[in-house]
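Next comes just one chain, in structure tokens: the form predicted on its own.
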Amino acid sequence: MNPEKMQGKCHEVSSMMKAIAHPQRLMILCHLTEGEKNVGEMLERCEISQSQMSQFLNRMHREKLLKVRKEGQFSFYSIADKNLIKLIQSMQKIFCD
């Protein structure tokens, strides 16, 4: 890989790492590696307020970490980038097994 391309990738990965570098955002992402979930399902698993959950989800959606699918009055969230799924799963293997 040429140095310019490597620098670009380092910037991309660094931005992603900054975006997930919060315990609650990381917890949400860990649960989303299992598949798409609605807000209620994530609230049950993460034990945070609905207001906090909304803030975290909105931020991660703005940062293009999450995709949102609307179905009636429900919003379903999933991880937008397969590389982020792999990264979270790798961290789970290293730190959670």
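We call the rigid core the largest set of C-alpha positions that still match within 1.5 Å between the two forms. Remember, it's a predicted structure, so these values are computed and weren't measured experimentally. Heads up: residue numbers just count along the shown sequence, starting at 1.
A second form of this protein, the form predicted together with a further copy of the same chain, is not displayed here; the remarks below concern that form.
Using a 4.5 angstroms heavy atom cutoff to a further copy of the same chain in the model of the complex, none of 50, 70 and 80 count as contacting. For the chain shown alone, residue 37 is not a contact residue for a further copy of the same chain in the model of the complex, no non-hydrogen atom being within 4.5 angstroms.
Although the partner is absent here, residue 64 is not a contact residue: none of its heavy atoms lies within 4.5 angstroms of a further copy of the same chain in the model of the complex. Though the partner is left out of this view, residue 75 does not reach within 4.5 Å of a further copy of the same chain in the model of the complex, counting heavy atoms only.
Contacts to a further copy of the same chain in the model of the complex (heavy atom within 4.5 Å) from stretch 33-68: 45, 46, 47.
With the core held fixed, residue 90 shows a CA shift below 2 Å between the shown form and the other one.
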